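Below you'll find only one chain, the form predicted alone, shown as structure tokens.
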């Protein structure tokens, strides 16, 4: 008769391992993840994971892809190009809010396989808005930098990071800042308001650039 250990051992597939890696990262952080540590959690030897992933980087990329899937990251099927682009960027933000330990990792991706489809979709929407040539590429890069940068700044190290930011802002001694940053909960609200204001401004700039008919 099989032992309890054998019965509890999961059937290993790339998807199962990626799901477990995502859960591990959510709980312990990226630095703690090793194939050996994940193997212990999954009740298997680390070498079994190596049969599916060549190294930690490839595993993390797969876990990031699963994060996109389970968080519903994607382009809405309806709406104007601007509305659909905003939907994509907001869905990415929601995903990193739910999985903040990935926020900084997204700054240092080694491969773009997990994001290539999203990049292609965003470029297509910018083209529908009328952007072409170098302006298309620059506009996309502007939006990507804004999205990844704000998500990393706003979510990495949360919730402890919110208190650090609140305390540092109140050191300025400005009455409006003191009033707005009255508790940790207001930091997240200010972050969201600032993110939406910035996103609207950047998309306004994209539309002005498209209307200018300058396609350098």
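Positions refer to the first chain, counted from 1. Note that the rigid core is defined as the largest set of C-alphas that superpose within 1.5 Å between two forms. Just so it is clear, the structure is predicted and the values come from calculations on it, not from any experiment.
Although not depicted, the form predicted in complex with the DNA is the subject of the following passage.
Looking at the DNA in the model of the complex, residues 162, 180 and 193 place no heavy atom within 4.5 Å of it. Among the residues 62, 44, 156, 148, the one placing a heavy atom within 4.5 Å of the DNA in the model of the complex is 44. Note on the partner interface in the model of the complex: the residue among 70, 167, 188, 48 having a heavy atom within 4.5 angstroms of the DNA is 48. In the model of the complex, the DNA lies within 4.5 Å of some heavy atom of residue 12.
Using a 4.5 angstroms threshold between heavy atoms, residue 55 counts as touching the DNA in the model of the complex. Of the heavy atoms in residue 184, none are within 4.5 Å of the DNA in the model of the complex. Not displayed here, the DNA is approached by residue 35 to within 4.5 Å at the level of heavy atoms in the model of the complex.
None of 62-70, 148-156, 27-35, 171-179 except one has non-hydrogen atoms within 4.5 angstroms of the DNA in the model of the complex; the exception is 27-35. Scanning 170-204 for heavy atoms within 4.5 Å of the DNA in the model of the complex gives no residues at all. Fitting the two forms on the rigid core leaves the C-alpha of residue 190 displaced by under 2 angstroms between this form and the one not shown.
Shown in the overlay between this form and the one not shown, fitted on the rigid core, is a CA shift at residue 167 smaller than 2 Å. When two forms of a protein are overlaid on their rigid core, residues whose CA moves 2 Å or more are considered shifted, and residue 205 is not one of them between this form and the one not shown.
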